[in-house]
Each structure stands twice: as C-alpha cells, then as structure tokens.
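First, one chain by itself: the form predicted on its own, in structure tokens.
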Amino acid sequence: MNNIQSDSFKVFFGSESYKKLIQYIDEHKVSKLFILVDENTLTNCLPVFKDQFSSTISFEVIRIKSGEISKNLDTCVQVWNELLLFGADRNSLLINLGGGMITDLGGFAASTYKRGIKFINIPTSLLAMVDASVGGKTGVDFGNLKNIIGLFSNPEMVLVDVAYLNTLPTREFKCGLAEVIKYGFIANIKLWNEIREDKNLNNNTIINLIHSSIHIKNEIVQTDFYEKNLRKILNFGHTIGHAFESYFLTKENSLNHGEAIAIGMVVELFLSHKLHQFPISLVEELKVFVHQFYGKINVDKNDIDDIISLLSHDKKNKLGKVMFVLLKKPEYPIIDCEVSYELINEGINYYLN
C-alpha cells in the first residue's frame, strides 16, 4: 500500500510504519515519549502497539476515560497535568493511540501545551483512520456542542494499521463506514456502491476503502486547509448529523458519530433533491440502507424542534443563517446552501417515515 504525502506529514500503512516511527524518534532526539489512550485502547490496542514497537525507547502512558462524554476541557486539564507531572518539555512527543476522540483531544492538548509539542496519530478505529486522524482538525466539545473549541494543527505523521480494527466492536466499525459513504457521495460514488453491494467487506476491500478515503480527504485538505471553500464539502451530512449527535449526548442511549452522520446524509440528500433535483431514487436507496444497517431512531415533535435549534451553533453558519453542503448529483457537492427551517423539518420527517 502506497504511503500518502500531505503538505507537512505522511500517512504510513501497515506494520512497516512502526519503523518510520522509531526512525522519527531517533532523528528528532525526542526527550520524552507519551502515549495517550482511553480505557478501551489501553486494554485492546496498547498491547498490539507494544508488539510492533520493538524498541528500547521508554514511554509514559496517559489514560483518560473513554467515550465522547470525555471529550472536553476537563479531560484536557488532566492530560496537561500529567504532561507537567512527568516533565514534558518542548521536545517531547505525544502519540495518540485511539479513535477520533483520542486523536481530536490529544492533538488539541499537544498543540496547546507549552504553546505546542509534536504529536503523532495512530488511529485504532475505522472512523479515525478515514477521517479524524488526518486533516489537521483538533478540538473538544463544549457543553453539549460538538467540536466547538479547537484549532488546526497537523500531526508529525499518521500510522494506519488495520490490525487495530480487530479490536473494534461491530457498532464502532459501522460508525467508520458512514464517513466512507460520505466520501463516496461527494467524490467517488464507487465507494458507496462497494459498501451497498457487499456489507460483508473482506480485508482487502477494507484496506482499499481506507486508502481511497484518506486520499480523497488529503487532496481536498491540501487545497483548502483552513476550510474557506472546497474543504467545506467534507461536512456533507455533518450539519444535521452534529445536531443529532449533540442532542443525544445528554440522553441515556446516545448516538455515535457515524450513526448521526448517516442520519444527516439521508436528510441532506433529501434537501438536495428538493433544492437541486438530486435523484430521489438515490435518496431512497441510502435511506433504506441506513435504516437497515444502522437502525432507525425514533424522536417526537419536541425532539425535532430541539434538534433544529442546535443548528444555530453550527460552525459553518453565516450571519445567523444555517449553511449546508448539498449535492446536485453524486460527486457534485454545492457548498453554502441556505435551507429554511420548514424544509429541514420536512427532511427529518422524511428520515423518520
């Protein structure tokens, strides 16, 4: 599998990538090495890392609680305190070993500690491999609002090893597929067709889907790192999706990121049909898949009103107006689309019915 070169870092694939990691540590004379994990990756992924990281280099492990509920400033304070406790200086290195929560929070904590120390992402979930670990977005949630505090900061490198996927629960694997589906609709419809036609993906197919997804994101991000124009297309499904995810953060049965984005894509394809004549047959195709593959959530009218109210906090808004990424047809996204609240309500009800 070919490595992928971004502007300032490389994405390495497979077991050979650990040699690149050791080489980096040696060449940069890293003073102290830290590995950030949560409760799940401590148990399931750190042993895999240790088996591959055949080096005499010692490291300190920083453990935080798992789950989106931990993606906040209080957890960052914990990470900063432990870095201080173990004497991390400006030449220290933080390795983020985990899913999207770990890479987002770890990148933010590293980039703000002593005005910035270096970090490397080793994503262990499919979602983190195809999305969260690349692209330079770091940050945390604030209250029940997704990713509202953060900054753009690239890792030194990203190591993608599909061996970690063997540690994933089925629900988390499905979560990552939602982002691959997104890349399919905005850039390469073949990705969506592969998933739709064969839900029992073999290992080679998964590796190819990951590589294709990272390649698509990398090409977009290199063109528009700070999300002024083209990069906005990566938010397809996320305007509605983040509102659902934020709303359910406080509920007993929360949605994971991929489940929320799957809902968001159905709703936003419906809006695309209404406003830009996107083929309704493809909207139906995705809705049926999402209902069957992710399950259908049920919300009442009050829930819908509360979910729509959360859209006012979306980072893409302009002058108080909610902006969407919609599609004219597959692979033809349109950015900065204003949609009425009445039509948004109709779109959510379309998903529900």
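Here the structure is a predicted model, which means the values were calculated and not measured. Don't overthink the numbering: it's just position in the shown sequence, from 1. Whichever C-alpha set is largest while still superposing within 1.5 Å between the two forms counts as the rigid core.
Omitted from view is the form predicted in complex with a small molecule, to which the following refers.
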Report the residue, out of E156, E194, E172, E82, that has at least one non-hydrogen atom within 4.5 angstroms of the small molecule in the predicted complex.
E172
Of I263, L269, A178, I102, which one comes within 4.5 Å of the small molecule in the predicted complex, counting heavy atoms only?
I102
Out of 274-282, 202-210, 88-96, 117-125, where are the residues with a heavy atom within 4.5 Å of the small molecule in the predicted complex?
117-125
Residue-level contact is defined here as any heavy atom of the residue lying within 4.5 Å of the small molecule in the predicted complex; does C45 satisfy this criterion?
yes
Using a 4.5 angstroms cut-off on non-hydrogen atoms, would N188 count as touching the small molecule in the predicted complex?
no
L249 near the small molecule in the predicted complex, any heavy atom under 4.5 Å?
no
At 4.5 Å between heavy atoms, is D303 in contact with the small molecule in the predicted complex?
no
Did H242 shift 2 Å or more between the shown form and the other one, C-alpha, core superposed
yes
